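Considered here are two forms of the same protein chain, supplied as structure tokens in two stand-alone entries, structure 1 and structure 2.
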Structure 1
């Protein structure tokens, strides 16, 4: 990330997936409609949403977080988890406004909607301008390998030590992870799409391909019969630090009542197993469930 661009390009290029936007019908494309200002208490955002029976949310054009499926329904991991939490708070409807990902936090703070359901990563810069929920998911790295994982690949050190050929996505962070883990450039091949990563593995041009487990699970789901599998996700240790990426829901800083209530219900979803049922269709697994040591406070404080 650089400057104040509010981009998720780094992760978006890892996942290489995008979608159209609407929710239960045509998306609210206008960025002009504003909601009331936030705040705690009986007149705050949470109570107003309960009274209205609907929450105005901001989404971006990205699958698997918020996208239009083949039937025209807007769905996605963040949308569906957010919907479940809000229903438990007595809010049964969502109205979505579509803006560019880079405009989500500015539009939130301009009161164009009251919550962001776009799978946004928590980082220190964003935490200066908005409040994040408890981490909703993590995005560990994994490997796409032939069925049965014949080379026993589970880390970048395995790639290096076993002299294996590795495929990475152009512009994605996994190439840097591999290089900083000691994998020589001669063992790394760069491809321009998820499909070419898959083809490289199935054609035996490489021994493994590295990407987020979310993206690789999506590749496997969309290509049944390809005789490949996804290894268990992990967080690489780079320069002595474990690299943890976690996404969450975003609110205005003034809306502490809403954030606290939302966190309580989100934690219940995580602990009950309902979260896993909701997110599995979008390529998420138990590996994406945040551990107790992954906290908003730590991620906001990270350099």
Structure 2
């Protein structure tokens, strides 16, 4: 490369940056700089989303956490709380991508989107591959069973002891809850969506399906006449310890500044009462607000 051509190229690069500053001010310059340095470093994702005015989010189409409704609107408890937090961070829009629940963290790390708004629970295994916000909510587990609960299911031990067939969602925590409660794999069937779980129960391919009671209540409400009901919610006891099932927002590990900024605004929403207003239409109550003793640090460290 000749000295002259390098000088010309540097001249054009500097002119382009000067133009960017003139047109878009510091925010645009910041976006240009982030792109030129790869964008995923400290500050990159937050600044890029601010500059673009939108955040790319991942959902699993599980209602009422993160789903596309009958009008085509992407909504849900996690989506709407996420929207409110992002708005307070100067990001007024979201663009959602739907993947299977078990693909949310791999897709996040492959940069298909920049955060997960699917109500994902915090646990040690997931914390190895992603960063979680402070807990957003807690929700008990329950079973979807035929009306009248003919097998008398109320815990994973019942599934094991009565030799029942159980449906779980691929990549969700309930499979682990069942296995750790001693349910053999031969009794567990894995499905890829809420709807296929419902169909498995109504077609008598399984005796029960496990998910959060909030998710199953939504299924029952949206499918009247399906002859199914939801058992009483519970927090499974595993290895003598009661599980803490707390959902949060998920980010790439490198995006520390985004996580910190997000946590600051999420805490304000929880404390101001705005959180309750946002989540009530999705079947959440004050009981779903995590206690002060429920922390991401503890849940990531739990065995």
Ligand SMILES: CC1=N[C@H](C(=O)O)[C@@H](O)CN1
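Numbering follows the first chain given and starts at 1. So that the term is clear: the rigid core is the largest set of C-alpha atoms that superpose within 1.5 Å between two forms. Keep in mind it's a predicted model, so treat the numbers as computed, not measured.
Structure 1 is taken from the form predicted on its own, while structure 2 is not. The rigid parts of the chain swing between the two structures, and the hinge residue from 267, 243, 93, 52 is 243. Between-form comparison between the two structures gives a rotation of 53° for the smaller rigid part, taken against the larger part from C-alpha superpositions.
Superposed on the core, the two forms differ at residue 159, whose C-alpha moves 17.9 Å between the two structures.
Structural comparison between the two structures after rigid-core fitting shows the C-alpha of residue 214 displaced 3.1 Å.
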